[in-house]
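What follows is one chain in structure tokens, specifically the form predicted alone.
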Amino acid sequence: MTLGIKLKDVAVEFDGHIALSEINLDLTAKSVAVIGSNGSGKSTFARLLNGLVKPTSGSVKISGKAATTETTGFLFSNPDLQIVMPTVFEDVAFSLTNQKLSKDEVRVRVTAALSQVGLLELQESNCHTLSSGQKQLLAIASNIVREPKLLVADEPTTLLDLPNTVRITKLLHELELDQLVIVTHDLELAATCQEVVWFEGGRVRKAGKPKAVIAEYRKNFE
């Protein structure tokens, strides 16, 4: 099986506006950061990876297959957008609605996911009483319970304080995934990844090792 993210001659157009053009990427690193200023195309790229956005032309493959929400998890910057059920346990279990699992299987999977993110003791709590950090942990649990091969995290630490940023960063890198993609403005967070892709004007400006790409990105604004 061909592992990794592969985009070939990808373009995305919305109502006459070109969001992405001439995107050719072959990303095999375990963790990939995506950086760039607002409107550079990075969020459109992120949504290509789970099929929320379809390319106007070209192809997007995840481990050799078309990108879909079935194989790709997605983490929003605001975890409130992903809460759909009253309690912590119910919210994570909701992610398994279409999996055709027995109640026992669901409980085992949800318990394991909550244990992994450190929320098992809060499984009966009301989701909306959680702190911002706990809500992001809940969103992570709701993703990993589905056992995705790829997780795309779109600005996962934007609303978090430093302790929770450190905690979420560490957890994301510890998850059992084929690949992790983090879209971020936080260059320190980007530097924790193995590869960085810099988007500018709907195109890839540079892709490579974090130190080199981030250094050039910083110089661009000096």
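Source: prediction; values computed, not measured. In case it trips you up, residue 1 is the first one in the sequence shown, and so on.
Same protein, other form: the form predicted in complex with a small molecule, not shown, and the subject of what follows.
Site annotation in the predicted complex: the residue of N50, T169, S43, Q179 reaching within 4.5 Å of the small molecule with a heavy atom is S43. H185 is the sole member of K30, H185, K61, H173 with a non-hydrogen atom within 4.5 Å of the small molecule in the predicted complex. Only one segment in the set 160 to 168, 31 to 39, 187 to 195, 62 to 70 has any non-hydrogen atom within 4.5 angstroms of the small molecule in the predicted complex, and it is 31 to 39. When contacts are defined as a non-hydrogen atom within 4.5 Å, all of F14, A19 and E155 contact the small molecule in the predicted complex.
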